[in-house]
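Encoded as structure tokens, the following chain is the form predicted alone, with no partner shown.
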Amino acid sequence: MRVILRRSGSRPGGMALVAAGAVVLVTACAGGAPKKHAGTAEDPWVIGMSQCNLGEPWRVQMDADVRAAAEKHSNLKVIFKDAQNSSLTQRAQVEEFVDQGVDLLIISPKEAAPLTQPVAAAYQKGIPVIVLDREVQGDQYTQFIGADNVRIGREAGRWIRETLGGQGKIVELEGLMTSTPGQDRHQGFLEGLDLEHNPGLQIVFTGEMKWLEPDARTEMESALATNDHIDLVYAHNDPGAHGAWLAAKAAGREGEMKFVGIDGLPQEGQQYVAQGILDATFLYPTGGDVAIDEALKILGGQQVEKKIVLGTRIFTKDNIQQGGQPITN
């Protein structure tokens, strides 16, 4: 499922958004610069892909999805770079891709603010830019593709509220809170819990685990040390939820609480649910295959939507064998 938002005008800083529901398109390239490669098997289009880090399984999967989709097209070549969780490194990578003369840039930013300017600079030089997963500030890019993290967080919060019956002590393990997904998954979670009308729910510990399982385990050890009882752990990603489970298991307390994560990769979150480690995980699609589909449109001179929002689904022990349940509301 995709929810598509479209903007009027064909250039950056174009006309204002029109009334809701209206169809508005953007051109593929900001400055109309000529393409540098022919887009043939002999002279394929070159795409630069800057990944913020490969320390998270979800991001490894994103690169794999981009690679698998691109390999179906002999007229495409993708160059991958790993920013190793450094905004400065990723900024340099974007500048390198521009200097190398790539035909299109795909970037999954570590943080919004530090990457906004280099993305805008590439866009203004006529290089189409697809921003994947994490948004940058402003609108100086060709297209954004990603899931609605506020919505996913809200659905997680709602499920937690209903599962706990409005009563319980909760630990929240946050992702990187300088990133938009971390901020949005936290905001949506609070909206879903609706603490104002459910005072029996308490967030008794919050720790920032920066999307990393070892950090989540360390934070969870602190939560266990300061709380005699915990009913549920909500982690912003599945490695975080798994790290929390490992810490609780080491303390002999995993049976007293439930564990909820986000990502829902088949080989990770879904497996954890099937094994009874996690009670629920919510799909956060990588969008890698969609990015290649859209890149081909852009490089082929077609108009594309400014924003594509990807859908989600929930996996629990009750539906994991059926492939989870899509969330459509």
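Owing to the predicted nature of the structure, the values given are computational and were not obtained by experimental measurement. Heads up: residue numbers just count along the shown sequence, starting at 1.
The protein also exists as the form predicted in complex with ligand FRU; that form is not presented, and the subsequent description refers to it.
When contacts are defined as a non-hydrogen atom within 4.5 Å, all of Asn53, Trp58 and Asp263 contact ligand FRU in the predicted complex. In the predicted complex, ligand FRU sits within 4.5 Å of a heavy atom of Asn237. Interface membership of Pro181, defined by any non-hydrogen atom within 4.5 Å of ligand FRU in the predicted complex, is confirmed. Heavy atoms of Phe189 never reach within 4.5 Å of ligand FRU in the predicted complex, leaving it off the interface. Using a 4.5 angstroms threshold between heavy atoms, Tyr272 stays clear of ligand FRU in the predicted complex. Listed stretches are 250-258, 162-170, 181-189, 92-100; the contact stretch with ligand FRU in the predicted complex is 181-189, by a heavy atom cutoff of 4.5 Å. In this stretch, 207-231, the one residue having a heavy atom within 4.5 Å of ligand FRU in the predicted complex is Trp211; the partner itself is omitted from this view.
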